[in-house]
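Presented below, as structure tokens, is a lone chain in the form predicted alone.
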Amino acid sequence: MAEKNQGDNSPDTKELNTPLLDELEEGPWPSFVTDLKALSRKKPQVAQLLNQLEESYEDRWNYWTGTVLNVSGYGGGVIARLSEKKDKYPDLAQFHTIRIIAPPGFVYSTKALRNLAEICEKHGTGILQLHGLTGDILALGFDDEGTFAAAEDLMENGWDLGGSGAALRTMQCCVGQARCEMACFDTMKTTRSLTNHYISLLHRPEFMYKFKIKISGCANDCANAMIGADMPIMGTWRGPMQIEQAKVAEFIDEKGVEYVIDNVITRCPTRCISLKGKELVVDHEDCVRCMHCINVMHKALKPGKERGITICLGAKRTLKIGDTMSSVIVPFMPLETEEDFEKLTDLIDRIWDFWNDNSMDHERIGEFIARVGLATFLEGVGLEPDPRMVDRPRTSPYIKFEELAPGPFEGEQKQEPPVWNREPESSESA
């Protein structure tokens, strides 16, 4: 395989000329440029990769183009890339990326990592990215033959390809209860269970557009779910948080009252915390479970005993309506028993059915809700409205006031979706 990837012997393909990339090696932090330069001594196509990247920096132009390449039995998982400079850099004529499902919580054994690296180096460049926003392991630098061979080798060794295209994407989660005392449910078990349950939708695209599920054990959101997933599943609790007043007193003795006021009391978003002597008083009805006070006083405070999940919808990067964060769709749901898990998958199925039956092509779930209105969406998926779904009704993009709504997109469905009359018949009754 190494002989096939040698390319020609011209200076353009074997010698590095990368003054702009060299600047990225300056400073105290590790640089991918240094790593790729070292790899180029073993994999000559990596030298071509660096030279083309240098030209992209200089010309401010992306010299990659895409195509479609699927391995047997899969409708996704391979991001096929072709170089527009293949005449100059022949080893980049085919330079594909394979997405590989990572284990829940990104917990590996050294044996598994060695196995993964050996497969990717055998059939491609050996470049691995762990982990991007996709949640996958990204293995870069395969030609067509190497892609098919690597996919077979990966599957024979217990790995599986991740999602791409208009499909359920690879799920990712924080380590959860496996290693974190803050977690309110078993994130790793949930990720594995949902992945196994929906694996066919991950491998064979059936949606109008991509759909990402990310899972965090608490509001600290170590999986970056609230800003990076169509459906974040967040750990939370119901009822009062747990307070050990003796530990509160010890914390005050160690840090001082002013420290507690500056770093806990004044930073509570709803001002629901106060001090009475050396005791912490919490108005639990106003607590939004943001985790800040627990993070600061982690020995004195813990999440409440009745734990479960909050389900949100709608985060995405800019497309039709700009960047959005997720909004609450189910404020609280327990997730401990098989029955609880069945309720979760039933809700996910209803959301997908309504979205795919009524959305436009290339329309993510958040854009769909913004277009048809939250009331229509809730009716379509069989959920009762809850005040906790909308923080500020007059400014939420999920409430569609027709008189303020923008004009329809080109190709938008003609029929007006049914909406509720959100104004009382008369305001004089007050």
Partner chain sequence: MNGTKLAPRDQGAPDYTKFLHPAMARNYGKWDYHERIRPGVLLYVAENGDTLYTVRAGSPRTMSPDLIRKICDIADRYCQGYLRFSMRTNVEFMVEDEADVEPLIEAIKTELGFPIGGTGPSISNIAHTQGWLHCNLPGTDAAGAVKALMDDLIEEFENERFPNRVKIATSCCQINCGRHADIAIIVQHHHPPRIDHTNMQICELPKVVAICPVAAIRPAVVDGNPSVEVVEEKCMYCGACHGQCPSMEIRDADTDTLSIWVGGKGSNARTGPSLMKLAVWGLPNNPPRWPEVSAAVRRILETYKEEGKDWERVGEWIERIGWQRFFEKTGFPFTKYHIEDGPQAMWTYNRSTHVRI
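Here the rigid core means the biggest group of C-alpha atoms that line up within 1.5 Å when the two forms are laid on top of each other. Positions refer to the first chain, counted from 1. Please read all numbers here as calculations on a predicted model, not as lab measurements.
The same protein also exists as the form predicted in complex with the partner chain; that form is not shown, yet it is the one meant from here on.
- When contacts are defined as a non-hydrogen atom within 4.5 Å, all of D35, G158 and D186 contact the partner chain in the predicted bound form.
- For the partner chain in the predicted bound form, the listed stretch (348-356, 278-286, 329-337, 103-111) containing residues with heavy atoms inside 4.5 Å is 103-111.
- Of the heavy atoms in P387, none are within 4.5 Å of the partner chain in the predicted bound form.
- Taking non-hydrogen atoms only, C222 approaches the partner chain to within 4.5 angstroms in the predicted bound form.
- Proximity of R179 to the partner chain in the predicted bound form falls within the 4.5 Å heavy atom cutoff.
- By the criterion of a heavy atom within 4.5 Å, I309 is excluded from the residues contacting the partner chain in the predicted bound form.
- Screening A249, I243, L128, I265 for any heavy atom within 4.5 Å of the partner chain in the predicted bound form leaves a single hit, L128.
- The partner is not shown here, but in the predicted bound form the stretch 48-87 reaches within 4.5 angstroms of the partner chain through a heavy atom at L49, L53, S56, Y57, D59, R60, W61, N62, W64, T65, G66, V71, S72, Y74, I79, R81.
- After superposing the rigid core, the C-alpha of G27 moves by 2 Å or more between the shown form and the other one.
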